[in-house]
Structures are given as structure tokens and as C-alpha cells.
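Same protein, same chain, two forms; see structure 1 and structure 2 below, as C-alpha cells.
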Structure 1
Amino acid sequence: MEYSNEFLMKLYEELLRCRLFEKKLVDTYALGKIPGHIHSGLGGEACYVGTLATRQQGDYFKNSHRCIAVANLLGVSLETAFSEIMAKRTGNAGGRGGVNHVSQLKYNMLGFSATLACDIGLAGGAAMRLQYDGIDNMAYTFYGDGTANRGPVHEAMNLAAVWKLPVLFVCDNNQFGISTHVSQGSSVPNPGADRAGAYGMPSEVADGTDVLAVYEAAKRLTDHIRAGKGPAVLECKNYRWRGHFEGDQTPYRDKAVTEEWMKKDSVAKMEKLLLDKKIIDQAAIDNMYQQIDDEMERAIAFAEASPAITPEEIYDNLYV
């Protein structure tokens, strides 16, 4: 595909924002400022950024528990995101939800259940509404290679296929479901794409370490969906750089393999492309890093200064 310089720069900025957000999340957690656990999305950013480069105003989004930075790309402010993550009243759920629940419906984000896959049908529900309205919008739903083995995923796929709902199922295959390698947890090599045929859906497998490869595959599939031809599956092959959660020492995997995968850095690949094409120079790259880092530091300072949720407030908005 041919790309404008503007498109490449926008894609790079979104990729860099996700990378720096995920790094900042790890660093802030290490300082003891985040209650509970976090699930780092480092290494998998291209899957989300490349796919969402096809988004249009009016689409719906069902995110996952990794690459929390996606919420910021979709509209949630850094201040709101970090406040929620740090259990402050200024978060989108007043600090009640935490890192897995950075979401706002006003940006067509459908929320997320920490019980993986049980809510994947929400994307189908949103798609049904879009189909009823007769518009070319669609719903995106992200899930992992481990989640791909759960029953609700297949129920959602089957229903979407039967009713030709405008849904893109995006399998972020980072090769581990908690500590189980995909080869031990799935009967097929591509747990997302290989199962699409059972439901009569087209699918593609993309290099999840290359944001442009992901975008091109996503563009072909979203064009199919927006044309009213029904759902599709995109699988992005990458590698989870860190453990399932911060503190996971990853004794179940080979450090040398991890180091080799980390050399396939989606951000570094994009920077090389932009430098080779002379679209940007190193000084401009360094400046972008600093600007985005400064934004995040200000957001974290805002969250730290915000009032924390109290034990009495955790029961607000619950119904008996």
C-alpha cells in the first residue's frame, strides 16, 4: 500500500503513545502507587494501533485487559485513566474499577469484564444496533489466545456469523494464556484465525510486531465488514514481553526466546521506516518522546493529588 506522510506520522504517534503509556504503567506500579496488579501490554501495541487505524466515528470498541493505553487513543484523558488506575475519585469509575476498567461509554467503549470472554457478546449487541440502523459502522472486540478457547467466544462468533453482524474479532496472540504456551492450550496453531472457517468467516493472520502489516490486514477485513458481508477474524502474532502480571517471574518460558522477540520491536521498526524515508529525524523523535512523557507525568501528578476513594464509597451504585 502507498501511505501519506501524515498517515505514517499519525500511526507512529499512536504507537509511541501506547508504548510510553505501558512503560509508565510498569514504572508507576514499581513505585507502589498502583493498588492491585497490572497486566502489561508491552510488545503487543501494534496489534491494537494497527487495527484501530481503520476505525471510524460511530464504531464501538470492546477492549481487553492488556494495552490499557488504547483507552487514551479512543478518547479517555490521561488524567482520567491514571486516576482510575490509582484508585482516585477522578477516575472514570471513581477509582472503583482500577486498571482493567478504564473505559467511557461516551467514546463508544463497551467496558470490560475481568472474567475473560464472558462479555465478548457485547460487541455483537452493539453491532446488532448498528446493523438495525443501516449504517456502515462496526464493532471491534479484542481478546487473547487463551481467551480464544473459551465458550463465550464461539457463541459470539456463531451468532455474529448467522446474523452477518458487523464485528471484527481481533485475537491478540501473544503466545501465553497466563503461563500456558499456545501450543499447549490450543489444538490449532492460530487459535483465532484457524477457527473462523467453522463459522464461515474470512480471517487473516498478521505480524503483530509490524503496525503496517496489522493495518493492511485489518483494512481488508474491515472493508469486507463495512460492505455488509458479515464478521471476520484478525489474528496478530506477537510476544508478551513481560509476565502475565507484574511480579510474575516467568519461570515457564525461555529468556533467550523472549530476548529474540524483543528485537522485533514495533516502535523501532516504525522509527526506522520514518528515518529511512526522511519523514522525521532523530531530534524530532526525541522531542516526541519527551512531550508524551511530560504529558503522562502531569497526568500522574494530577492523579496523585486527587482524593482517593474511601471504603464507604465502594458500595455506591450497586443494587440489591
Structure 2
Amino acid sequence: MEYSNEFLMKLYEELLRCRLFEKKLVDTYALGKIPGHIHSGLGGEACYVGTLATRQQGDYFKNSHRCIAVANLLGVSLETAFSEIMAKRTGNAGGRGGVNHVSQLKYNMLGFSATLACDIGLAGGAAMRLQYDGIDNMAYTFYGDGTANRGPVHEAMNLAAVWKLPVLFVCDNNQFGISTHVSQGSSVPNPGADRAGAYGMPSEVADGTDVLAVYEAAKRLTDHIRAGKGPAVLECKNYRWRGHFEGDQTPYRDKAVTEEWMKKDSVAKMEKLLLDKKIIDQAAIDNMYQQIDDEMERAIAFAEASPAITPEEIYDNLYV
């Protein structure tokens, strides 16, 4: 595919923002400033950024727990995101939801369930609404390779297929569900894509460490979906760089294999491409790192300075 320089730069910037966000999450957690558990998305950013490069105004999104940075990509300010993560009043749920629930409906984000897969069907519901109103948009729903084995995923796929709903199921196959290797949980090599055929859906497997490869596969599938031909499955193969949560020393896997995979770095690949094509120079790249980091530091300072909700507010938002 031919790409404009603007497109490549936009993709790179989004990728870098996700990378630095996920890294900042790890660093901030290490400083003891985050009360819950975080699940670092380092290594998997291209799956989300490449897929979402096909998004259009009016689409709906169901994120996963693995790349919280997506919320920022879709519109949630860093201040709001870090406030929720740090349990402050200025977060989207006032700190009642936390790191897994950084979400704002005004950006068409459907929310996330920490009961894995129980939220997969939401995208179908949002797609129903689009169909109901005759709107030509679509819904994206992200889930992991481990989650791919839960029943609600299969029910949601069948429902979307039988109702021809405009949904893209995106399986972030980072090869582990906590410690369980994908081969221990699925009888097929591709727990996302290989299941699509059972529901009459097209699918693709993309190199999840290459944002352009993901984008191209996502583009083909979303073209199919946007043409009104029903749902599809995209699987992105990558590798979870860190433990499932911080503190997980990953005794269940081979460090040498991890190091090999970490060389397949989606951000480094894009930087090389942009430098080779002379679209950007190293100084400009360094400058972007600095700017994004500054933005995040300011957002974290804002969140730290923000008050928490009080016990009197504990029931707020429970009922309309």
C-alpha cells in the first residue's frame, strides 16, 4: 500500500503515545501512586493503533484491559485518564471504577468489564443501534487470546453474524493469559481468526508488531464490514513484554524468547521507516518523546493535586 507522509506520521504519533502511556503507567505504579493492578500493554500497541487507524467519526469502541492508552487515543484527556487511574474525583467515574474503566461515552467508548468477555456483546448492541438508525458506522471490540475461549465471545460472534451486525472482533493475541500459553488454552493455532469460519465470518491474522501490517488487514476487514457484509475477526500476533501484572516475574516462560520478541518492536520499526524515508529526523523524534512525556507528567501532577471523592459521595452515580 502507498501511504501519505501525514498518515505515517499520524500512525507513528499514536503508536508512540500508546507506548509512552503504557510505560508511564508502569513507572507510576512503581512509585506506589496507583492503588489497583495495572496490566501493561507494552509490546501490543500496534494491534490497537493499527486497527483503530481505520476508525471513523461515529464508530463505537469496546477496549480491553491491556492497552489503557487507547482511551486517550479516542479522546479521553490525559488528566481524566490519570485521575481515574489514581482514584481521584477528576476521573471519569470519580475514582469509583479505576484503571480498567477509563472510558467516556462522549467518545463512543462502551466501557470495559473486568469479568473478561462479559462485555464482548456490547459492540453488537451498539451495532444494533447503528443498524436501527440506518447509520453507516461500525463497532470495534478488543479481547485477548485467553478471553477468546470464553462462551460470551462465541455467542456474540454468532449473534453478530446472524444479524449481520457491523462489528470487528479484534483478538490481541499476546500469547499468554496470565501464565497460560495460548497453546494450552486453544486447540487451534489462532484463537481469534480460526474461530471465525464457524460463524461464516472472514478473518485475518496480522503481524501484531507491525502497525502497517495490522492497518492493512484491518482496512480489508473494515471495508467488508462497512459495505454491509457483516462482522469479521482480526487477530494480531504479538508478545506481552511484561508480566501479566506488575510484580509477575514470568517464571513460566523463557527469557530468551521474550528478548527475541522484544526486538520486534513496533515503535522502532516505524521510526526506522520514517527515518529511512526522511519524513522525520532523530531530533524531531526526540522532541516528540519529550513533549509527550511532559504532557503526561503534567497530567499526573494534575491528578495528584486533585481531591478524592468523600465517603458522602460513595453512592453517587449508582442510580440515575
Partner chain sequence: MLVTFAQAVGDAMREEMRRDDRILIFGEDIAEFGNIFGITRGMLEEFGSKRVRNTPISEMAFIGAAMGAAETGLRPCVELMYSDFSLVAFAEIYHCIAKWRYMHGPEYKLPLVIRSAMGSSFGATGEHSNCLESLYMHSPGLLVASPSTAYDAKGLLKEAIRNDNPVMFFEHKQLYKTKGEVPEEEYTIPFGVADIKREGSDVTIIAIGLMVGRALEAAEALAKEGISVEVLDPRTLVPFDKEAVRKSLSKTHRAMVVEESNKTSGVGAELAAMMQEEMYDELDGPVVRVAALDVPLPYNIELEKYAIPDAEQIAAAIRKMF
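The term rigid core refers to the most C-alpha atoms you can superpose between the two forms while keeping them within 1.5 Å. All figures in this text were calculated on a predicted structure; none of them were measured in a lab. Only residues modelled in both forms are compared. Residue indices: 1-based, along structure 1.
Between the two copies of this chain, it is structure 1 that is the form predicted alone.
Regions where at least three consecutive shared residues each shift by 2 Å or more at the C-alpha between structure 1 and structure 2, after core superposition, reduce to one span, 309-320.
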